[in-house]
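In structure tokens, the next block holds one chain alone, the form predicted on its own.
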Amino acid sequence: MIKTTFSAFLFLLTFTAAATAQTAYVTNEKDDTLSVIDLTKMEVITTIEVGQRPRGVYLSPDNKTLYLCASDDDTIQEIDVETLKVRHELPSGANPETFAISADGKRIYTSNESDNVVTVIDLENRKLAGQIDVGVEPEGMAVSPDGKIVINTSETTNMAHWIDSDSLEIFDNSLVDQRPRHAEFDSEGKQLWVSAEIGGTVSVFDVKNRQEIAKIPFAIKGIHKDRVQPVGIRLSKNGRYAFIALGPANHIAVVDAKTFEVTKYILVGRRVWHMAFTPDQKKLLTTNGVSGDVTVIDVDDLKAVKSIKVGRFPWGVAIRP
């Protein structure tokens, strides 16, 4: 009887730990798969097949649904995080690359690189809500914390487009350096950060007047400037740091978010692309396309502490509490 009780206790303890473990989901662009990482064990626990050329990936605000761009299937897949089964295919428009979800979880805004439009999806009805003509090769997407402003970056037009979420019309455009890839609002919605991959810079805008307040360059000793290509951006909620993924430079730049000065470069895997924080923001995960792995960074110590092998050309990452 004592053994049975003890076994039941161990089972319950194990089940509770598994249920509460933080989980990372990584899209593998060349394998058409999704790697699922247990962040307690720091290892891949399963890999599932998804649509063709998976790239952008995000969780719903309630963390119950995972959305990912199956770019070559011209759809965004809706995946149940408990069963890891695809529930629905959403009308994303052609060749969706990445997207943003409104804070209320009612809309997805996705970039359609081939058609030069942003597609708006009504998630409650899983229907197309509209399309917005933007610049050439739309890429990055962001929604302000209050949901009123949508940002799209166009790689060839070299602009960030400011879109009114009610009218779905562009109300302003901001020039940035060559090939803007990613846009990110700070937690208060007062600043917008935009990376320029070929320009090698990150521009910071005042959201209120849409004026550029800083332009951040990068230089890493021993690495040619042409390899320093900013892509992904993540801003800490406390306003202390900005982390910039520098592509084939294989480093993350740590930027003081108050002074806009680079304070450190962290070596990670090859061709670092995008990033995601754990919910407590103690860890930052990076996707490293060429080396086919994920680097785990300790945010307090600003050091890479772990490399986790995933599939070929990991692109996006989302983390569930």
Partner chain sequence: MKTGNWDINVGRFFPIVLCLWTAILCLSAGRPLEAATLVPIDVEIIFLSQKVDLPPALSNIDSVPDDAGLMGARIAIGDNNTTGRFLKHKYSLIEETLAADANVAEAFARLASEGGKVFILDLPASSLDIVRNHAKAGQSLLFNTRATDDRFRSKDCHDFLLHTIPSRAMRTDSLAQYLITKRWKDWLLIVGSRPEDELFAQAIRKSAKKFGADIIKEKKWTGEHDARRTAQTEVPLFTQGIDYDVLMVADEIGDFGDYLMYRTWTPRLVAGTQGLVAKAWGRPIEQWGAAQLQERFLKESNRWMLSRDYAAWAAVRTIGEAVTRTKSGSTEEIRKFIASDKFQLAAFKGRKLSFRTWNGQLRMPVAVMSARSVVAQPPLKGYLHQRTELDTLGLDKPESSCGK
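Residue numbers count along the first chain shown, from 1. This is a predicted model, so every value here is computed, not measured.
Missing here is the form predicted in complex with the partner chain; even so, the following discussion is about that form.
Of the residues 73, 155, 186, 78, just one reaches the partner chain in the predicted bound form with a heavy atom at 4.5 Å or closer; this is 155.
Note on the partner interface in the predicted bound form: the residue among 122, 206, 115, 89 having a heavy atom within 4.5 angstroms of the partner chain is 115. Relative to the partner chain in the predicted bound form, residues 97, 170 and 198 are all within 4.5 Å by at least one heavy atom. Only one listed stretch (237-245, 171-179, 186-194, 122-130) carries heavy atoms within 4.5 Å of the partner chain in the predicted bound form, and that stretch is 171-179. Contact check for residue 224: a non-hydrogen atom falls within 4.5 Å of the partner chain in the predicted bound form. In the predicted bound form, at least one heavy atom of residue 210 sits within 4.5 Å of a heavy atom of the partner chain. At the 4.5 Å threshold, heavy atoms of residue 93 stay clear of the partner chain in the predicted bound form, well away from it. The closest heavy atom approach of residue 264 to the partner chain in the predicted bound form falls outside 4.5 Å. Annotation for 121-137: interface residues with the partner chain in the predicted bound form are 133, 134, 135, 136, 137 [heavy atom within 4.5 Å].
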